[in-house]
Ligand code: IMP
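First, one chain by itself: the form predicted on its own, in structure tokens.
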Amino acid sequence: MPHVMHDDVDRILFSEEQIQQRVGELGAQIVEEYGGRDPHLITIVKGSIPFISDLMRAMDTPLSLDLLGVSSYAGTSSSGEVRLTKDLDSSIEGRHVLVVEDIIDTGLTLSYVLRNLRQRAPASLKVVTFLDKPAGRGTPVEADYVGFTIPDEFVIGYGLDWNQRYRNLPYVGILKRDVYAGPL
């Protein structure tokens, strides 16, 4: 019998329905607050792809999109080293930039990205994150818009992965410890 990835989920934190409702609320809030300023969304690939896709559809306003590739994770923990793997395709000078993240955990990646983008002279720079995990924070960084605040658990699904697996789950779940930690 083939391995079923749902079997590796300890419990579901947020259902597909809860996610869609919250993303819709975030989209409406951002549109209201940006008031026709044509936000330029920058998403950090790969984990945020489902979130940015749904968020854009929930934003009934002109906007533009760019992708930024950043790497700092290996397996279950941050390597402590952040590097740019794909730069932006266009200038953000004078633009109203909204960085779209899948999760803020240690804050290391986001802190690096914000420092990098501030040097490019955007008109404004804000952050929207699907998940915020304040217990993991080692670097002081905050989001302007937060989908959900989560406990200090290893989460997967809706773009979030463990070793490139589970991104395609339609919900956010907690990965069973024995899957990523191995047998005790």
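Heads up: residue numbers just count along the shown sequence, starting at 1. Because the structure is predicted, anything quoted here is derived from the model rather than measured.
Below, we refer to the form predicted in complex with the ligand, which is not included among the displayed structures.
Engineer: Looking at V155, L125, M59, I52, which has any heavy atom no more than 4.5 Å from the ligand in the predicted bound form?
Structural biologist: Of the candidates V155, L125, M59, I52, V155 is the one lying within 4.5 Å of the ligand in the predicted bound form.
Engineer: Does the 4.5 Å heavy atom contact test between D161 and the ligand in the predicted bound form come out positive?
Structural biologist: Answer yes; at least one heavy atom of D161 falls within 4.5 Å of the ligand in the predicted bound form.
Engineer: Determine whether any heavy atom of V99 comes within 4.5 Å of a heavy atom of the ligand in the predicted bound form, and answer yes or no.
Structural biologist: No, V99 stays farther than 4.5 Å from the ligand in the predicted bound form.
Engineer: Can you check whether V113 is within 4.5 Å of the ligand in the predicted bound form, heavy atom basis?
Structural biologist: Output for V113 is no: heavy atoms all beyond 4.5 Å of the ligand.
Engineer: When the contact criterion is heavy atoms within 4.5 Å, does H40 count as touching the ligand in the predicted bound form?
Structural biologist: Contact check for H40: no, nothing within 4.5 Å of the ligand in the predicted bound form.
Engineer: Across 98-114, which residues bring a heavy atom to within 4.5 Å of the ligand in the predicted bound form?
Structural biologist: Going through 98-114 in order - heavy atoms within 4.5 Å of the ligand in the predicted bound form - the hits are E101, D102, I103, I104, D105, T106, G107, L108, T109.
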